[in-house]
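Listed next as structure tokens is one chain, alone, in the form predicted alone.
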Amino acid sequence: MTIFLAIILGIFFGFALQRVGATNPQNIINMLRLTDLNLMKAILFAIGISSTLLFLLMSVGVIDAGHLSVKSSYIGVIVGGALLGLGFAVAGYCPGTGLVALADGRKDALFFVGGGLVGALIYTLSYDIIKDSWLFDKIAGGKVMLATGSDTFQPLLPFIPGTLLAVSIGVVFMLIAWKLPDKV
């Protein structure tokens, strides 16, 4: 049942990415150049509504918070994020949009997905060499949360309830999406 649900949700996510134009790298590059903000509006609204719904449903017990996990924060995540952002800006794809673009028949997405797989292979092969380096130095103790909400992990802002913070950020994202112009 779990894999079936994942496939169904993946199909809906891919459909949404295709419909908002995220499979066209020119739309992503125009968004990053701040010349066409339609895609940015869709992304901000999707993050805002999903964050708001997720935390509201967890607070009333519809979704079990035990299904979520907190990943360790370390310097390598920042370095990896910077590399992902650079690749995102150069290629016009992120991993999700690249796969959907490949399924949509874009030949350039084939090279993007192939490059991603080669990068993952290089990381896997070099992991034993870099695993004791500064890249894996933990930030703020490793597994931390921004606000309260778990007895297991330390909050960085212990005076703010996690649900309130998540819903507030979600609403701010939706308001920004609503107020942004389509084109600059």
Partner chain sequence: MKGQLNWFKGGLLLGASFLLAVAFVKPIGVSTQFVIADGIVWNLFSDTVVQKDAAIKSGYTSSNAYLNKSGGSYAKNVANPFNYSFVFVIAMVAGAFLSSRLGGPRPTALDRSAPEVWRQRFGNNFALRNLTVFFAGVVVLIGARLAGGCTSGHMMSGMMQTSLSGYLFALGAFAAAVPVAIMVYKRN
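These figures come from a predicted structure and were not determined experimentally. Numbering follows the first chain given and starts at 1.
In what follows, reference is made to the form predicted in complex with its partner chain, a form of this protein that is not presented.
A residue is said to contact a partner when one of its heavy atoms sits within 4.5 Å of a partner heavy atom; Val172 fails this definition for its partner chain in the predicted complex, lying far away. In the predicted complex, its partner chain sits within 4.5 Å of a heavy atom of Asp128. Interface membership of Ile160, defined by any non-hydrogen atom within 4.5 Å of its partner chain in the predicted complex, is ruled out. The closest heavy atom approach of Thr152 to its partner chain in the predicted complex falls outside 4.5 Å.
Of the residues in 151 to 184, those that come within 4.5 Å of its partner chain in the predicted complex through at least one heavy atom are, in sequence order, Leu156, Ala166, Ile169, Phe173, Ala177, Trp178, Asp182, Val184.
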